[in-house]
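Before any questions on how it binds or moves, here is one chain, the form predicted alone, in structure tokens.
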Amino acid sequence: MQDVFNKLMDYARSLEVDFADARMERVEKTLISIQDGVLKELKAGIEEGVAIRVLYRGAWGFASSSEISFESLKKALDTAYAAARTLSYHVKKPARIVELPSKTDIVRAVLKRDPRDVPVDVKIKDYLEYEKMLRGKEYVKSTTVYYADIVGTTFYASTEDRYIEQEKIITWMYTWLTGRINDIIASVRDERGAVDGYTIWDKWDKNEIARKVIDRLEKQLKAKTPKGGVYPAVLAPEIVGVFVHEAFGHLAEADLTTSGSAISDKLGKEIASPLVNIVDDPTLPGGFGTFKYDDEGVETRKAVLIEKGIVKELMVDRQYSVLLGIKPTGNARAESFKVPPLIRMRNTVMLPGDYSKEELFEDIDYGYYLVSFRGGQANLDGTFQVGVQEAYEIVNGEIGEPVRNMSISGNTLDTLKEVDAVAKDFELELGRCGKGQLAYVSDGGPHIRVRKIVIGGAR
């Protein structure tokens, strides 16, 4: 592939473009969907294609091709070049990008068990067995289980004489359970995965996962409704992760920051408790967002978003790196070869502190312990709402009865200022993010305590 790309980049240079790159993907995928004991969907196949970008006189052109021959790629490059030339006559703010030195690198994945070596019927059997375990209680009314594996290689080349090959491996499973007792209906979710192959069942026992999800559902069906209002709370790593990702992380993606996010004028300013440290780190072991190069061929590095409560930097791609004067972070990611990359999170986490988990509960007379989320959303103005699927009262410093149908909401910056204790523990969650394109990401952190947060519930 390198020879074909070298020839293609030579042709691009002959057109006197400012910059051009090509990103080829060859990916093998399996998708399994099971609902209420029935195999609903099975997809398995290979996706292959190339994305080509051209920057000409400050304007971008993009084209893709599912054909890999040099003539097809040349045709796609001509299409991207023609688009860029046309747009260059109308561009008001010419785009500029950070240029990188010539480099060749090949990155191989470390696999314990290659998903491609596991027959599809074995995968189906495994997940049918797991799904059956979820239906062991009378109050369970509906089950849905998804499994996916993605195994492939990305080939990248640019007019900078840069050539990168990088393997990627993801296995992922998602569980959704709905139950009913009398007039009470509840739903719970579970999501997990691996980056070292078909190893989910090596990391977690099927029975233990099923028991955990069923137990969570039963608590939701039998629990009391929380008191609505403003209360202190202890947030477990899963809740911290989704808060860091949804409520703050998107605000710190440079394209959204400059579009008017709540931190658009906050670089270098204190917006959170001095105990808060948030990073987007592509080096964390086992993370869905762990990789050496992004989809612009940029070597990734840790982006320090908040340090001791102060906004330090943003996540950038090549273009925003120049626009904002931030060293490249390697945050450009594309869902597939069919689309150009966007600024996306990788592994976005809050760093641990000095408290023990137990100390976080000690000073709370009455509040809530939030363990697991059901869904969340946030807005550029900093407002957020997160649904909580597992939570408990805190009474006199002790974990009390479970509560259901809870949500938390508020303003991200206000909430970050209320963090008054950060524990030493740390957990990394595995999931997905949508921003026009789907990306597999990780988030997480330690247990933290906030002095006050808005709790949705009965008043």
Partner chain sequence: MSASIIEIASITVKHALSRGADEAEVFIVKSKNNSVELENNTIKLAHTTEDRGLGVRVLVGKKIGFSYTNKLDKQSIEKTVEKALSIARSGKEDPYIRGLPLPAEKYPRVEGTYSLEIANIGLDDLVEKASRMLNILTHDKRIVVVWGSITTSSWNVAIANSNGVYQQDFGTIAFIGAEVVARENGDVTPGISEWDISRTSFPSIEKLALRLKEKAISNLKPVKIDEGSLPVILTEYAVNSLFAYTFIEAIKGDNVVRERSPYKDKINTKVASEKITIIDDGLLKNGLNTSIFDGEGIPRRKTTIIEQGVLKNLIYDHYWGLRAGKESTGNASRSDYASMPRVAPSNLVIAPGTYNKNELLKETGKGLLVDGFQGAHSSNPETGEFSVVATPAWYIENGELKAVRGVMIAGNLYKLLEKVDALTKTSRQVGTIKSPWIRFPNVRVIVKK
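These numbers come from a predicted model, not from an experiment. Residue numbers count along the first chain shown, from 1.
There is another form of the same protein, the form predicted together with its partner chain; it is not shown, and what comes next is about it.
S.K.: Heavy atom to heavy atom, is residue 45 within 4.5 Å of its partner chain in the predicted complex?
M.R.: Contact with its partner chain, yes.
S.K.: At 4.5 Å between heavy atoms, is residue 432 in contact with its partner chain in the predicted complex?
M.R.: Taking the distances in the predicted complex, the answer for residue 432 is no, it never comes within 4.5 Å of its partner chain.
S.K.: If we define contact as a non-hydrogen atom of the residue within 4.5 angstroms of the partner, is residue 143 a contact of its partner chain in the predicted complex?
M.R.: Because a heavy atom of residue 143 falls inside 4.5 Å of its partner chain in the predicted complex, the answer is yes.
S.K.: Classify residue 176 as contacting or not contacting its partner chain in the predicted complex by the rule of any non-hydrogen atom within 4.5 angstroms, answering yes or no.
M.R.: Yes, contact at 4.5 Å.
S.K.: Residues in which of 107-115, 373-381, 356-364, 208-216 have heavy atoms within 4.5 Å of its partner chain in the predicted complex?
M.R.: Of the options, only 373-381 has residues within 4.5 Å of the partner.
S.K.: Exactly one of 275, 351, 98, 83 has a non-hydrogen atom within 4.5 Å of its partner chain in the predicted complex; which residue is it?
M.R.: If I apply the 4.5 Å criterion carefully, the residue I get is 83.
S.K.: Which listed residue (148, 87, 310, 326) meets the criterion of a heavy atom within 4.5 Å of its partner chain in the predicted complex?
M.R.: By the 4.5 Å criterion, the partner-contacting residue is 87.
S.K.: Can you tell me which bits of 112-135 touch its partner chain in the predicted complex, meaning any heavy atom within 4.5 Å?
M.R.: The stretch 112-135, when checked against its partner chain in the predicted complex, contributes 120, 121, 124, 128 at the 4.5 Å heavy-atom cut-off.
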